[in-house]
Structures are given as C-alpha cells and as structure tokens.
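Only one chain is shown below, in structure tokens, and it's the form predicted on its own.
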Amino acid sequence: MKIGYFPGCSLESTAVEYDRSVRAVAAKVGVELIELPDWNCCGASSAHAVDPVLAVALPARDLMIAEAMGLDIAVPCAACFLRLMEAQKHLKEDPSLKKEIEETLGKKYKGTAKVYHPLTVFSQPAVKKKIKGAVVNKLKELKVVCYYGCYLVRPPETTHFDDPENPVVMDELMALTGAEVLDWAWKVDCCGAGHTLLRPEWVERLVGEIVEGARKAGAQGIVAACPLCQANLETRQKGKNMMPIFYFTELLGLAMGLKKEAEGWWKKHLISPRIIYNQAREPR
C-alpha cells in the first residue's frame, strides 16, 4: 500500500517522535509513506484568521502535489488534517475561489487526492490484520484512555472522521496492543489548542479537566493523535503526579517489538512515558 505523506511543521520539530513512530509503524505493516516533495505549511493555525484565500491556497498547493504524484495523503497532525479537509471543501463548493487559487498557483486542482489521518489508514482491515499479527509484546498491565480532541472530529461535515461524539478507531487500535482501553467522557473535549500561547490560563483549566477525567477513569496515561493536543496535555498539566501522554503510534510500535526505537521516542517527551510503562509492567 502506497500513500503520500504530509508530515507538516510540527512533526519536523516539536513532535519529531510522532513522525518517527508513524514511519516506523507504517514500515512494519507494509504501508509505504511517500513524503510529498517540497510540501509547504498548511497554514494552521493562524492563516484562516489572517487571510481566507491564503488559508485555502496553502493546503491547496499540497493537495496539488499529491495529485501530481497520483496518491492520496496521510496527515498525522490533526490541525493539518483539518486544514487540508477544509481546503478540499472550499475548492469543491466555491468555483470562484478555486479559479483564483488555480491562477495564483499556476496549476489546476482536480480533487483526486483523498486526505486521511493515519488512524484511518492503520484501521483499514488489511492493515489492521497486519498490526494484530505483528504484536509481540502485549501491554497487558497498561491502562489508557484515548483522546481525539477537536480537529479530527469537528466539524463532522468537513472531517468525516468516525463518530464525532464517540469515535472508536483509536480505541480499537490500542486494544490490539493488549493495553486496557478505558471508557471516559472527555475523548473529544477541547484542550485549548492554539490559545496556549495567548490564554495559557484557559488551556491549563481545560487540560486540568481532561487529565482529572482520565484519572477518575483509572488511566495511567492518555493516548493522543495530534501534536498540539499532546503538547498542551504535557506542558499545561499542574501538580506533582504528571500523567504521561503517548502518541498512539508509539504504543503500537512498542507492542510490535520496536523497543529500541521507543526508547528514543520517550526521550523526546517532557513527561517520561517510559516510567509509567515500567511501573505498569511490574509483577503484582
């Protein structure tokens, strides 16, 4: 299976462990990620507030690159995912905007490249079967909750991602690792997103509620699929007993025997997930 890969800015900087784990898991199950050559920033999360045309033109250029490659696109960052999906929607529904952007970029937009989050890619039946067969290290003592946040599920008429109120694709993938996936009520609550820079007190309150919800559910860690969500949940926690925030691909990789690689991923975290994993693995 071949698919275009749009890492986006975060996965080449603050969320490099997410990028590495996505690539490692994909390689393990035969998904060939082909990075879009000369890709550009999608504009998240400020372009749409500055220039509505630019907000579509930036992701439109990336979509056109994928079209030229004849490939669909896997987009790990939930914010990037939303921006590309929004661009597709605007280009389809607004002919005048589509014409303006085509003239600006000097290319035609065909609308042939589909946009997917890796959660959807790895949840394809054939890929899911390979993941299940590749698991060699069951994470039986680990209790987690899955956090989807806003950008993957809202607005549902744009993202078309699972159930907008109770998505389960990440829960199902995490269950393959052997970890105990707990049900909870905060899986699609907002973490504060980009307000972390201008209104950190808002984000601290929202993150506090999410983490407390995870604790009440009995979780030892939260599993995320967005670099902004992961960063907020790590950096805006308060208190002594910090809860680790995993990327879903990190746990998939660890369960599939990528222990050495996982050690490198853990080092990029501000709250070490290795500590809680080791605690969870102690005999009881």
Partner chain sequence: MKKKDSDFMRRVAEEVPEVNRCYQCLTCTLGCPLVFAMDLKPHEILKYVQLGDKEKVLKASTCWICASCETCATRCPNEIPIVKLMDLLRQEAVAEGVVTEQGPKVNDAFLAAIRNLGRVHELSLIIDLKRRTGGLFKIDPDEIRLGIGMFRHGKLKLLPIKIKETKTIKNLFSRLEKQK
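Just so it is clear, the structure is predicted and the values come from calculations on it, not from any experiment. Positions refer to the first chain, counted from 1.
Omitted from view is the form predicted together with its partner chain, to which the following refers.
- Shown alone here, N241 lies farther than 4.5 Å from its partner chain in the model of the complex, counting heavy atoms only.
- For the chain shown alone, T104 is a contact residue for its partner chain in the model of the complex, at least one non-hydrogen atom being within 4.5 angstroms.
- Using a 4.5 Å cutoff between non-hydrogen atoms, K260 does not count as a contact of its partner chain in the model of the complex.
- Under a 4.5 angstroms non-hydrogen atom cutoff, its partner chain in the model of the complex lacks E67 among its neighbouring residues.
- Stretch-level contact analysis of 110-118, 132-140, 158-166, 69-77 against its partner chain in the model of the complex, using heavy atoms and a 4.5 Å limit, identifies 158-166.
- Of the residues in 35-73, those that come within 4.5 Å of its partner chain in the model of the complex through at least one heavy atom are, in sequence order, D38, W39, N40, C41, G43, A44, S45, S46, A47, H48, A49, V50, D51, P52, V53, L54, A57, L58, R61.
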